[in-house]
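We begin with a single chain expressed as structure tokens, specifically the form predicted alone.
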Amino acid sequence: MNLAITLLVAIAFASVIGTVLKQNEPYQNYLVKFGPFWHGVFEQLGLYDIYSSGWFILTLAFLITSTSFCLYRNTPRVLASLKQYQENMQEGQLLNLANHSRHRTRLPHAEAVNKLTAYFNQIGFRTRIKRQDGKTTLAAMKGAGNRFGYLFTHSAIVIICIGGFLDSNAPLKIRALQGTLQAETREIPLSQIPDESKLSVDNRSFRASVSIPEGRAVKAAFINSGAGYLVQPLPFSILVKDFRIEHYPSGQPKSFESDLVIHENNNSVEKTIAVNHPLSYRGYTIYQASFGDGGSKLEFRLHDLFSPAPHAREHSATVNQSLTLQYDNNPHRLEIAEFRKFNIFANDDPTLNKKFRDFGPSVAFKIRQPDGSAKEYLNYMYPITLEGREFLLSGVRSAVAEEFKYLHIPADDDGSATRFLRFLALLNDAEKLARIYADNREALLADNASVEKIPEREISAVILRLTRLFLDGGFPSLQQHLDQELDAATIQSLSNTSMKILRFGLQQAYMAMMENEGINAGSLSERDIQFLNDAIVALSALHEYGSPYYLQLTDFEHVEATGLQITRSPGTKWVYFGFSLLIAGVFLLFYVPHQRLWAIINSRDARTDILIGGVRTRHARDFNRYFAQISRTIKQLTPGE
């Protein structure tokens, strides 16, 4: 019993872990959530697929074996006890019972026996009579079904564990140990996946998932296995006719459902599934599990951030597609990862009288360097209003575990990044910039008396150098340059001067660009001045961006995909049956007490003596009252002298 309880507690504890910790996720998700150390610990313990872990399967097998042996050993004895009325009870044994009573009656012996037998039968007891040496023993029993409670509960444990064992994918574990089954880790077409990463279409138990775009059909699903996946072929195809989703005002999904068509040979079944409303087909159950992008078609421009002339290339791609880009004769990979049509967040701008804001479409992508390293980006298609000004946001991070850091590119009057990119291209054109600085050298001398020590012919070169340092590393790089090349006594005095010179140079370049656009630089509006200030802040952060390109999403064709979970669980029926049997067994054990009554009737000197005794397996206090009532009734049925 102690061993059984220990094993049951272990299984219950494992089931709690399996409920709290989402199972069969890609290992990358666990690594991000728990970190390298705990990820390794949990992986070794098998917590990511706990119901198929070796120790869990062994626990089930041991519990099945030990409990089955208990049933084999005790079932004959339990069944035999159903027919054992113990009619050989003696007076001394009855007197030792906590509940017993004596009665003397003037009724004849036979009549007393008949009345007691009829009364015991009336209150639900089955009786058996034994006569010996002028003495009659009346044995009665009620609630013998209580003994079935033992059999039912122990059988239920065995049946439930068998059901769990059938759904534990033990055969896959055996194949993996034999080396005939290996998870695939590459993202390759289904037709190129090797046979050692494919399961049989007749696999009796699995839990797989698949993402299907609208209008597409599949005949296979995928099972996460360690750091890779396995392919589970299906004997039928699943076509997604339509996918629908509704959102709350907060942007959270309210409901989503899919119209599916199952094709097998010449037969087809159509049904709409939703969360908690799956489709069952020939032992397979198809659940609505998630949703995502089904390969949306995107149109975008790639702007070269370091070109001395505004330059953009038009591209088309679909989500999950990769493009090869050449920069400085080095190949870079642009990997389109995700597209979102809506990005709804809580409103944190007090100037907008809204509870939630839609930031519009966004695209997530990676730019992979020739050495294999990559940074992830998140670009929004439309400008976003912050503090009354419009910005185009481009987030960047080096690892999935990091939060995005956003580059705020000020938007022009058309809501685009065109003016900022043109300004950046001008700053990258050293020749044009030198001419602009040379033409405005006198204005610099007039407004900044602190630069009088710099030779007039070198002022343009100084501004160019400061501008280059600023573009390469922002304000921190500029300050670091001063710290390295100047002594401590002059750093403070020249630091402010350098910032003024840089600001002057950037302003002159900006005004020259505006004049080329036909705008009188002498009448810049407050918005133009604010745009310059925001552009300078963006330029200061550009060195951390890590990409030679800025991706501008221009158009899209949204394609949604439904995420399905497909299961085949032959053990489910066993578990349901075992659970029903467990409920019946618990009910019998706790609510159907096993009760016994005995009556020994003796005739002495024309008198009849009756000795009554009784026991119950549970609820002794209730039985005391019950037995007292029986004694009073017997006293009335067998009147004394």
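From 1 onward, residues are counted along the sequence shown. Keep in mind that this is a model prediction, so the values were computed, not measured.
Just so you know, the form predicted together with a small molecule exists too; it's not on screen, but the next bit is about it.
- Mapping the unseen interface onto this chain, R618 counts among the residues with a heavy atom inside 4.5 Å of the small molecule in the predicted complex.
- By the criterion of a heavy atom within 4.5 Å, L637 is excluded from the residues contacting the small molecule in the predicted complex.
- In the predicted complex, the small molecule lies within 4.5 Å of some heavy atom of R73.
- Interface membership of L564, defined by any non-hydrogen atom within 4.5 Å of the small molecule in the predicted complex, is ruled out.
- Annotated contact segment (heavy atom within 4.5 Å of the small molecule in the predicted complex): 63-71, selected among 63-71, 49-57, 571-579, 599-607.
- The contact residue chosen from R207, R340, H154, R419 relative to the small molecule in the predicted complex is H154, the criterion being a non-hydrogen atom within 4.5 angstroms.
- Between the small molecule and the residues F556, Y327, Y281, Y150, the one pair within 4.5 Å by heavy atoms in the predicted complex involves Y150.
- Every member of the trio L8, V586 and F590 reaches the small molecule in the predicted complex with some non-hydrogen atom inside 4.5 Å.
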